[in-house]
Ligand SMILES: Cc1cc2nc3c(=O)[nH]c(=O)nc-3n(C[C@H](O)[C@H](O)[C@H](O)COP(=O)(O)OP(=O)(O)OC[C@H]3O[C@@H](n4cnc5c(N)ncnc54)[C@H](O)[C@@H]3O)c2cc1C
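Only one chain is included here, represented as structure tokens and corresponding to the form predicted on its own.
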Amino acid sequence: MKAVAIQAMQPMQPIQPIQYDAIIIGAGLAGCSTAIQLAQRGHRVLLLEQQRYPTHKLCGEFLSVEVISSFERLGILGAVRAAGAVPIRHASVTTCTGQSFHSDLPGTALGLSRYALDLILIQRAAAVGATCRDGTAVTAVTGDLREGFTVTTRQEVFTARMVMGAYGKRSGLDRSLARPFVQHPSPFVASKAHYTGIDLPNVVELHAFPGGYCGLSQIEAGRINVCWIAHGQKMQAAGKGDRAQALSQNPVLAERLASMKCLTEASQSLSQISFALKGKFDQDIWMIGDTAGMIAPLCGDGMAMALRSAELAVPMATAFLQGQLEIQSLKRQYSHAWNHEFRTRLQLGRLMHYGFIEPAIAQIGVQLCRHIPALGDALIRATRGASHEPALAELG
């Protein structure tokens, strides 16, 4: 049997009959969405999450316009509304020199914390029949798609016909799998916190500063999510070692931060953030969401893409589990569908990201969008998928 070593474990045969059709590692948007859809199709699903829910996560917490239809299909739109999701219909961009661009979004986006949203999703997965375990870290995976997998956690050992990786931007599992992107250190660092003190009705703001950019948008309970990403060395140089000073070189952002109070319990930070294409299968583990590839936060479409990747994967997973799709065809079809759906968006997002962290390029870009509004609108539309909004009236 082909072995997938996660912690230098030796290949091992399943110690008991197959328990699950699919084990999903990670209960974020991609993992929960996949678990919900597979369970609704009658499959035996185990969803494993290392964090205890509810918990805060590093995230812009801006849900692009495409999510409305996804939430309705998952059966959680009412719960999202009840949790206080905030409608967002406009975007505003500024640079260090005071240049600005304002635009309408191509539909209604939402602001909702991951603290609230992930709990809604995992509860929905459990309600439709998936076995859900938070506070459960995976320590080893062995096996392959031909003979099945064994997944070891600190508490128990499970077996399944397939394993899907939905554990996010970066994990120790990536290093143990020797995924290529891990071999190339990334200079990008990010931080997120919730604030109070100002009102940002109906708008997501993006503020460039030397080496990076910062997004602000309202979430439930009147809170403001503040999330920035930057090239670590460039940011440190611009702020002479003081990150707050680097952010404050954008006068609009400086004014915003000075008017707000940070709620430290929601603070999260992460380094080594990679925008590389990571691969759709690694040693037969099926990768979805950010685990397969992450779009630049500048685009604000990461969570919508996670949901969409689950929608792409589930019909193929069902066909494989029912014996209607063999392994190589499964890999080929998923890779083709994933590339068709996301590859151009990811490449455009990466180009925009690298331009926006350079003050001179950011200034020129925002000036162009200001003088040619259709250009800015086109860029916004080019970095997201198809929008279907069947129930906007419910969200105000």
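Start at 1 and count along the sequence shown; that's the residue number. This structure is a prediction, so every number in the text was calculated from the model and none was measured.
Absent from the display: the form predicted together with the ligand. The rest refers to it.
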remark   = In this chain shown alone, the residue from Leu330, Leu346, Ala39, Cys59 with a heavy atom within 4.5 Å of the ligand in the model of the complex is Cys59
ask   = Even though the ligand is not shown here, does Ser70 get within 4.5 Å of it in the model of the complex, heavy atoms only?
value = no
key: Heavy atom of Tyr53 within 4.5 Å of the ligand in the model of the complex   = yes
task = Would you check, heavy atoms only and a 4.5 Å threshold, whether Ala27 touches the ligand in the model of the complex?
result = yes
ask   = So in the model of the complex, does any heavy atom of Lys169 sit within 4.5 Å of the ligand?
value = yes
key: Partner-proximal stretch of 319 to 327, 78 to 86, 237 to 245, 304 to 312 relative to the ligand in the model of the complex, 4.5 angstroms, heavy atom   = 304 to 312
inquiry  = Just to make sure I understand: among 99 to 138, which residues lie within 4.5 Å of the ligand in the model of the complex, judging by heavy atoms?
reply    = Arg114, Thr136, Ala137, Val138
